[in-house]
Every structure is written in C-alpha cells, then in structure tokens.
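Single chain ahead, by itself, as structure tokens, in the form predicted alone.
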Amino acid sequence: MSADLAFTIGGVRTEVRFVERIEPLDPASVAVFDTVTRRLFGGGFPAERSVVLPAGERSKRWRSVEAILGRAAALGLGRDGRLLGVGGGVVCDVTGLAASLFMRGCDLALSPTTLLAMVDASLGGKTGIDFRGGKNLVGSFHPASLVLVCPAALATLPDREFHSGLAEAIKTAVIGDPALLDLLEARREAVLARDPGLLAEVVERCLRVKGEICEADPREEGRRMLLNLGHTFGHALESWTGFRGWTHGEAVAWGMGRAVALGLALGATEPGFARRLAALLAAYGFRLEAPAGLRELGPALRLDKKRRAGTLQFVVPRGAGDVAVVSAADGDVAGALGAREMG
C-alpha cells in the first residue's frame, strides 16, 4: 500500500491516507453521497446521518449545499463536527462548500471514489458550485483535514468516468512530473487495464505534485494557477454546452489541446512537445477537435474566475514539467479555438 502523505495548506494540515475500503469515520459525522456512491459504498453508514444527492453536475447547485446544511443543523452537529464527502469531484466540491459555511467552518473529510477526485478535487481546499451558467463561480477555500484514498474503488468506475480522471493525471504530469508523463506513455495499456498497483502510484504522484504546489500557494495567487492547465478553455466548453455531452475530464483534455494551440501561436510551446502531447491525448481516446457547430466562446470565457484586471490568463505548456501563465489577445484566442492541429 502506498505511503501516507501530509500537506499544510492555508494553515490546515491535510493527511492523505491510502485505505483498503470506505468505512464510517466516527458516529458523529454526517456523510454526503450521490445516488451511485451511496449504493456502492454506503453500507455501514446510518441513513439518518447521510445526505444523498443526485448524481452528476446537476448537483453542483445551492440546493445541494442547503440540503447538507439542513441535515447537519437538524442533527445538532457542532463546529467540532465533521462532514464526510464520499464521491467524485461534484460531491467533494459541494461537501467542502457546506463545511466551509456550517458554523463558519467545520471539519471536512473526503473519500474520493473517482480517479478525477483522487488526483485533483479532493486535495487543495477549493470548493464550489456552478452559478448562472458559470462553472464553479461560487465557492470558497476550505481544505479537508483528512483525505481517504481507496484505489480499489476505481474498479467500480464506468469506463468514461475513469478516462475522465486520466485527463487530470496527464495534466498534472505535464505540470510537474515528467517521469509520470513517461510512465503514462510507456504503460498506457496497463493504465487502461486499471492495474491496481500502477494506479496507486499514479494517484500518489499526482497528489505529491498538487500538494506541494498548494502548500506554496494555497489561495491561487501565483504558482497554483499552473494547475489550471486546460481549465480556462475546458470550463468555457462545459458552460457553452450547458454541462452536457462532455465530462469535466474530457473538457480539460480538449482545453489542453486549445492551450497548446495558443502556446504555439505565441511561440511559447515547443512544437515537438505539442506533437507528443497531442499523440498521448489521442492515444487515451480524448477528443481534440472543435465540437460541431462551435460558436464564439467569448461570453463563457469571460465568466472565468482566472481574470486579472479584466484580462484572461491562460496556462500553456512549454515542455514536459514546464508551464507558464500568459495573457493573450482575442485574435490569438480565437485562432487557438479554431486550430485543427496541435503541433
């Protein structure tokens, strides 16, 4: 079993423990599931101390947060109580926001059940819900004190959800672990076959990269922005499509393709690396072409949270383990959106 990890993010110590099964933490906690994770992992969790949300992006709404807050209040949960989110990125984000609000901040634990949540959403303290068509427009920073990673849970994932998480793993490798990028290339078949030991290594390496970045920049004022590789374009695509037709990971993979095209246009991305990343994303089955009927993404891009002084910031890769934040003119952005090739 992989070694445990610990990070201090924004003054909060987050312990990451690799476990063999998902179990209740303590009798006083309130657990949050979606309908799928409740069925798969809810055995042993008392129904009266559980909140079950609809599965999918539609639960990233205020009514979900209100349901969690209402259950916590009805049970008399104190500020020393704990909310436990058991699920993917949506459950982690919504439970985290509720924990940041209840009693002005109660303890939070997360048990991610998807690859995407294990490598990204469960660590770092970002919480959020979608608002007025914008992805994660309302949220807070509230790091979990405990993250329980159960690699065995990945065996339950539908293929599409598993692939969605691989996009975040590739993104993390590009940002901060060139050796992981090599591994994802060389052992693609074993990764896709969900080799348990290999996946545990992938998750741990991703968490190390993200944890170290978040320790240095807990509130995304500098280096942490690099973790948004693929997200500015990807979030705009999700918003433009009404959060239908693309999973978050698929949108991020597409967004990485657009970020590479932008980097090439600005002279920031090495053409050889652009071809390498395009080949890797294609090998893992991600869509890189512009969606049929794509309209101008300007309105959706302008909703992005990463603006500085009214100017959008984009993360572009220069090479393996080398990424940068850049500003770009509207013409360059439009060109990147319409580009047919990444390298």
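When you see a residue number, it is the position in the sequence shown, counting from 1. Since this is a predicted model, take the numbers as computed values, not measurements. For clarity, a rigid core is taken as the largest C-alpha set superposing within 1.5 Å between two forms.
FYI, the form predicted together with a small molecule isn't displayed, but the following is about it.
Although the partner is absent here, Ile213 lies well away from the small molecule in the model of the complex, with no heavy atom inside 4.5 Å. Though the partner is left out of this view, Glu204 does not reach within 4.5 Å of the small molecule in the model of the complex, counting heavy atoms only. Taking the partner from elsewhere, Ser100 is found to have every heavy atom lying beyond 4.5 Å of the small molecule in the model of the complex. For Leu40, a non-hydrogen atom is located within 4.5 Å of the small molecule in the model of the complex, even though that partner is not displayed. Checked against the small molecule in the model of the complex, the candidates Val315, Val36, Ile68, Leu277 yield a single residue with a heavy atom inside 4.5 Å, and that residue is Val36. For the options Gly234, Gly88, Gly263, Gly176, the residue carrying a heavy atom within 4.5 angstroms of the small molecule in the model of the complex is Gly88.
Partner contacts here mean any heavy atom within 4.5 Å of the small molecule in the model of the complex, and among 252-260, 113-121, 177-185, 72-80 they occur only in 113-121. After superposing the rigid core, the C-alpha of Phe243 moves by 2 Å or more between the shown form and the other one.
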